[in-house]
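One chain comes next, on its own, written as structure tokens: the form predicted on its own.
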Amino acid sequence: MVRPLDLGIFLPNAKGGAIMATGSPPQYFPTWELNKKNAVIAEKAGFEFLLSMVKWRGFGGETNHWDYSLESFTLMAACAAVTSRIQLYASVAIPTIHPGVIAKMTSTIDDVSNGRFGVNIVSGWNKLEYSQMGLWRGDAYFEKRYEYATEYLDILRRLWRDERVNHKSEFFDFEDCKSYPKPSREIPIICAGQSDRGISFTGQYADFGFLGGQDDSLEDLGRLNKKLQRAAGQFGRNVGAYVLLTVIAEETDEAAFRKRDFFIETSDRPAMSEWARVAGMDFSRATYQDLAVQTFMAIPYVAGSYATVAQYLDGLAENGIAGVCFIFPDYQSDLQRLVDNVLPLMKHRRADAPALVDA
């Protein structure tokens, strides 16, 4: 039996989203009103979760891609106050904020959301993001980042659970540390590591893991899901595989392909060059030099008619993918169009999810 897909939104909290093109859309400013609009539509449509990224420095270029961003935890606290059911995930770049602080922030948003909050752990490989603030821990950190992440997450869970925490290591020093209140539930954890070490970390410690393949084929994503499940199985665990997915959905395949090709033709080459330069140290996709892959930031995408996109989403479920986190070129209108035109065509949605929603 095929498990219905969890549906989520990658909130528009960084300028330009996941398409490095110069037009507007896909360029937009990450305002609270735009994020609130998408959060409310997603909840009304029966989506399972919202996730916001963490970004402290973008890639410049003509568009200042990702240079403008809203802070993730603050944003999700606001989303908690305007929603009532949907799950909420904030992202933390762990080199930037001490786990003792994140533990308290998490408990606060857990309270605001009435137990709907989780954390996306970002190990932090992009040196420029952190060195600009004096927070880079030296180039040796890149090799030790998962050891650091393991201690970071262990300390978080102890602070959420235990009365007092004592811990002394190369990375942290806690002495009789107390953190109250405790969260109302065990906080779910998301990770997105793509390397073998990253997948192993996700399999051992996370509840959900984002996958990104060597290409965007269903077969490749299914293969990666099996790899993640093997890693989790070594620790007697199951981890839900999620896929970030940029969606270009139009009435016909041809219209969607024209829009996709336009984004590629109008790509922000200077921003792409800067992104490729800093991402090259941790890049996992074989098609790195492909212009489309660079334009869409190596994140899987699908372009096609409403029926084509629905078929692709059903294919994700049939390949064992647990959920999809949607990214859109135009966050002003594309989510509502997906809800109205694509989701009703899916076979593997939750039976109780509404088919149509008014904004």
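Every value quoted in this text rests on a predicted model; they were computed, and no experiment measured them. Residue positions are given as counts along the sequence shown, with the first one as 1.
Separately, the form predicted in complex with a small molecule exists; it is not shown, and the next lines address it.
- Figure note: of the listed segments 73 to 81, 173 to 181, 109 to 117, 192 to 200, the one touching the small molecule in the predicted bound form, with heavy atoms no more than 4.5 Å away, is 192 to 200.
- Three-residue candidate spot 55, 125 and 210; every residue lies within 4.5 angstroms of the small molecule in the predicted bound form by at least one non-hydrogen atom.
- Proximity of residue 145 to the small molecule in the predicted bound form: non-hydrogen atoms within 4.5 Å are present.
- Mapping the unseen interface onto this chain, residue 129 counts among the residues with a heavy atom inside 4.5 Å of the small molecule in the predicted bound form.
- Though the partner is left out of this view, residue 91 does reach within 4.5 Å of the small molecule in the predicted bound form, counting heavy atoms only.
- Although the partner is absent here, residue 244 lies within 4.5 Å of the small molecule in the predicted bound form, judged by heavy atoms.
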